[in-house]
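Both blocks below hold the same protein chain, though in two forms, and each is given as structure tokens: structure 1 and structure 2.
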Structure 1
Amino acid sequence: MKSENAAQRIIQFAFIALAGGAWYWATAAGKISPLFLPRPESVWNAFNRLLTLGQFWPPVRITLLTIAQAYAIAALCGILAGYLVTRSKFATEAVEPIIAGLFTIPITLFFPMFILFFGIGTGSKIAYGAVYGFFPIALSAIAGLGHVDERYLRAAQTMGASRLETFRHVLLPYAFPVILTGLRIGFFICFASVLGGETLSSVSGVGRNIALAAELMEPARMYAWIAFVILTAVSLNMLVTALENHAARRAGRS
């Protein structure tokens, strides 16, 4: 297992190194105009200027807080919806296809409605990310909570467990590995939705700074923000994957 993990990390870092090398070679050789792809050192200098001038952390804090709020709403509503739906086999068979069908619709089409209802501030991005992230979490909660072994439920009822105790000690532990997958997908959907919403229409945040740099024809500054977003997404994905694997191993031992 350790050797497999080491091999995976080597492949991941090799890919990053190859991408960085290709970027450096293309810009150093003059194959691509700096207007479209600036040199790595120009991007690094632009990033340092953002830090020096105090223009980096304020939008980062706004974006992270927006993502956290959107994800908290999506996770809470998704798990609650999954629990309520799975209390009835009829409701599960009737509602799950509706949620799955709605998830296939590009929510981006309705982004102007979020702007109309919540304005161009962070409220519209919170609502947008929460709605988009809700669907995978709800579907995973339905899949996990709807297939709990009936013997465990009957045993809990026999011992006089309340609904809350049954959910906490039977349903949630049994379904947690499946729900965790949905939580992971929902998180990155919230992450992408908030940043996309900030890029399309916002007054603050990382996405707004990317769009502003593009409008002002400052490619080095734009790529500095983009590189930060990519590194953050990759780091978070590795962290969440490690937590997911750890939870799966614990569930397998229990």
Structure 2
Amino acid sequence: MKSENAAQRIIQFAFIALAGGAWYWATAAGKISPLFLPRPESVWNAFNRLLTLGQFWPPVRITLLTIAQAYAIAALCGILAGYLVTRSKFATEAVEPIIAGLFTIPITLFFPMFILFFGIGTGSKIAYGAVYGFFPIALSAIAGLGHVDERYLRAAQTMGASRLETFRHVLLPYAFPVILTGLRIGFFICFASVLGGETLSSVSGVGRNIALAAELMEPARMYAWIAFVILTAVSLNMLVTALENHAARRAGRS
């Protein structure tokens, strides 16, 4: 068992080392135009230049604020929609397929409309990210809130719980694990769509800076931004996975 684990680690490490080595080798030997793949040290230098020139944090701040606003809207509207739709079985059956069907269409299609309605500033990205993030959250809220065990609802009803109390103390805690999955997916969709929106059409933010660096033929700077985005996304993902594993272990224990 232990040697198998070690073998896995070695292969994973070798994989990463191979990719890194190939990057060094290809760029040092001049096999690849530095326009497509700059040398690792020039990417590092470009990153440092962004920091020292104060060009790093302002776009990051804008993007993070945009994501936060979009996500807050998506989460609130998604859970509210899930709650309203699941108030009746009939409504659930009628409305759920519409939302699920819309979600199979790439919402990106509608991005030009968001630009039309909300302009090229952060407003269009907030709206776009919120709409994209809304769907998985609403669908999971419908799935979670629509299948709450009748026993608990009846018990709350006989104890005289108000609608708000039933939602707060019965529906929400019961459905929370399912809604949490939607909130997680919704967050990463929000994250990617805000970045995508900025890349497609924008005047500021991280996505805009990636596109700008590409337009200006500054690959080192572009790679620095891309690396930042990838590292952020991957570490967020690992953090969420670790939190979920932790919660699952705790739930399993009790």
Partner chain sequence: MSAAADAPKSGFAMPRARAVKLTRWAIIAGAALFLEIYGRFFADPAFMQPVSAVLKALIHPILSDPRILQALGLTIFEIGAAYGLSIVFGSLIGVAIGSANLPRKSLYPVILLLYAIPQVSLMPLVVLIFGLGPAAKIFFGFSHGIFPIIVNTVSGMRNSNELFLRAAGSMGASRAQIIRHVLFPNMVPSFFVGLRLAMTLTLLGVILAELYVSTGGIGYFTRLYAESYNPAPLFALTGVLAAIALAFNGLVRIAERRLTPGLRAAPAVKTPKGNNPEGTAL
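FYI, numbering is relative to structure 1, first residue = 1. It should be emphasised that the depicted structure is a prediction, and the values quoted were computed from it without experimental measurement. Basically, rigid core = biggest C-alpha set you can superpose within 1.5 Å across the two forms.
Identity of the form predicted in complex with its partner chain, given as 1 or 2: Here the form predicted in complex with its partner chain corresponds to structure 2.
Residue 31 grouped with residue 107 as one rigid part between structure 1 and structure 2: No, the two residues fall in separate rigid parts.
Turn of the lesser rigid segment against the greater one between structure 1 and structure 2, rounded to whole degrees: 19 degrees is the angle the smaller part turns through.
Between structure 1 and structure 2, how far the Cα of residue 19 shifts once the core is aligned, in Å: So the C-alpha of residue 19 has moved 3.8 Å between structure 1 and structure 2.
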